[in-house]
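Just one chain is shown here, as structure tokens, and it is the form predicted on its own.
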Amino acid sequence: MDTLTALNKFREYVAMFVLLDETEWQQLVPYLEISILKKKKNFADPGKVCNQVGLVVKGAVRYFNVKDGEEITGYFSFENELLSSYKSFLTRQPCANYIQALEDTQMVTLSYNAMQQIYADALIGHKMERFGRLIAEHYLICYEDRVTAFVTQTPEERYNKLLETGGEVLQRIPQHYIANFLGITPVSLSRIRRRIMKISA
């Protein structure tokens, strides 16, 4: 994806929270970075402070912890979704989890230092402060939805929800990661997928 397209995707995402006119957008652009996170490379590591928040414009990442040598998948970010260890980004404390690219992933990111400069900017500071607050609220809502889903939904319902958000990208993710995220075995996931395919056939 070319630079202009990537930037436009970021602009569209920001517009869901705050509207920037052309002058304000041009003020923001120099703070943005566009990069590729290669497959299996980490965006965040436990014990290190996460210095960036960004938008996945192409690809997907997986959030996971390692306990007793086992990887435990906690979350995914797909295209047009945020990625960050946002608690670490805000508090400047080390991350608790890994964020790793599931495939070559293009991102538009803002560093912590850039964000502080933006907040102090006379032209766009007030709007971007609002953007930062709304991102924090967004993360909180996502976390609460995830906890609620585990309490109230079956693994099949959670998988269907993941299909809605993940789309085609989900087909490219190793099934054992998805099963781990859903809290079930790969065999159980295979059964769920067969049932869904029968229903949709």
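Superpose the two forms; the largest set of C-alphas matching within 1.5 Å is the rigid core. As the structure is a prediction and not an experimental result, all values here were calculated from the model. Numbering starts at 1 and follows the sequence shown.
The protein also exists as the form predicted in complex with the DNA; that form is not presented, and the subsequent description refers to it.
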- Just one of 168-176, 53-61, 28-36, 134-142 has heavy atoms within 4.5 Å of the DNA in the model of the complex; which? 168-176
- So in the model of the complex, does any heavy atom of residue 193 sit within 4.5 Å of the DNA? yes
- Item | residue 184, heavy atom within 4.5 angstroms of the DNA in the model of the complex | yes
- Message: Relative to the superposed rigid core, does residue 11 relocate between this form and the one not shown - that is, does its Cα move 2 Å or more?
- Response: no
- Message: I want to check residue 153: does it shift between this form and the one not shown by 2 Å or more at the Cα, with the core superposed?
- Response: yes
- Closer or farther apart in the model of the complex, the C-alpha atoms of residue 153 and residue 78, for a change of 3 Å or more? farther
- Closer or farther: how do the Cα atoms of residue 67 and residue 169 compare in the model of the complex relative to this form, given a change of at least 3 Å? closer
